[in-house]
Structures are given as structure tokens and as C-alpha cells.
Ligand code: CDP
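One chain follows as C-alpha cells, the form predicted on its own.
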């Protein structure tokens, strides 16, 4: 069974999806990390992220892997280099929507994402277009949402804990900008699938959201 979890930036997708995968014993795939990895490499190689031909070539020519470590931790590598922490930097966050909206980049990475289904029959896949584009036939689709203010607070706490110097107001502006770019892009925009279950995480704990999705998954398995 494929569990597709979509939602905007900082809505809790990664944290929730990892725990859901752990509880169900499923493979976890963070598609956003793949776009972040391409963005990180573009910035590292000083490639203009608005140069579509260049970022498409980068996406096609890069080997991105997401592997599970002990204690439910995950490692993201691009061309063999561990970028797990680097792809979460404010610089990457500010540029990733520009890269992710390029049709050729999405085509290259969606092909990779779909290839996982040939290896893993049971997966929890999270991103922005999983239930609408990548796996439109997923047995369970969930769309997470939260207010921009709450999402900014979450991202602020996360970055501060990692030692980044950030401002809450700047993060909120960035999130609102990313929402607009992600939801209005021509290729695979951020949309709720018609048959997706919407869960507002604003006032819920991670544990509550995880349990809700696990319960939905178990109901699907019983059909």
C-alpha cells in the first residue's frame, strides 16, 4: 500500500511521515529532500537556479539516494555526498521552490520516485504532488495543513536548534512566498487530491496526527 502525504512547507509532513512509516513498517520516501538535494548542488556549483536548462541537466545527471539508518534516522546523499543536514539550510529553503517548479526537474525526479514502487510494495511518500501526480492511485492520500504563523514557528525552532541565525518574521515571509510559488507553478502544483483526507495540524501534536493517519491506513488495509 502507498500512503501519500502532501502539504505545504513546514506543515509537519516529514516528521509525521517518518513516524507513520515506522509504525506501519513501510519504506519512507521524502521527495522534498530530492528537490533540496538538486538545489544544494546547484548552489554549491554556483549554477543560477533560474537557468532551467542547467538545473534540469543537474537533476538528470545526479544520483540521489535516501537511506534509513538506525533509530529511524535517514540519510540523503547526492552523488555519494551526505547532504542530510546541508539541504535544510535557509539558503536551500529559499531557492528550492524555484528549482522545483522547473518541469524538466520534476519529470526527472518523479521518474526516480515512481521507480521506488517497483522495489517497495509498501511506502509512505511525502511531498507536494504525491497524491495528484506521482502516485494518483495511492490507496491512502492525506493532505496536511497548518497556519502560516504556526508553520513559521516550527521552522524557526528547527533552525535555531541547529544553530542557524534566523528571524521568525523572515521565515514567515519565506513560507508565504513558497506557498504561492508551489501552488501556482505550471508543473505539478501543490494541490489537495480530490480524495485526500485533510488534517489540520495547527493545534495537534505530532503523536495525534500520526495516530490519525495510522488509523486511516489500517482501515484501508481492512477493505
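Residue numbers count along the first chain shown, from 1. The model shown is predicted, which means the values in this text are computed figures rather than measured ones.
What comes next is about the form predicted in complex with this ligand, which does not appear here.
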This ligand: the contacting residue among 145, 88, 153, 75 in the predicted complex [heavy atom, 4.5 Å]: 88
Position in contact with this ligand when the complex is considered in the predicted complex, options 27, 185, 164, 192, heavy atoms within 4.5 Å: 185
One stretch from 115 to 123, 136 to 144, 75 to 83, 88 to 96 that, in the predicted complex, holds residues within 4.5 Å of this ligand by heavy atom: 88 to 96
Contact test in the predicted complex: residue 41 vs this ligand, heavy atoms, 4.5 Å: no
is_contact(residue 18, this ligand) in the predicted complex, heavy atom dist at most 4.5 Å: no
Non-hydrogen atom contact residue 10 with this ligand in the predicted complex at 4.5 angstroms: yes
Residues in 118 to 132 close to this ligand in the predicted complex, defined by a heavy atom within 4.5 Å, in order: 126, 127, 128, 129, 130
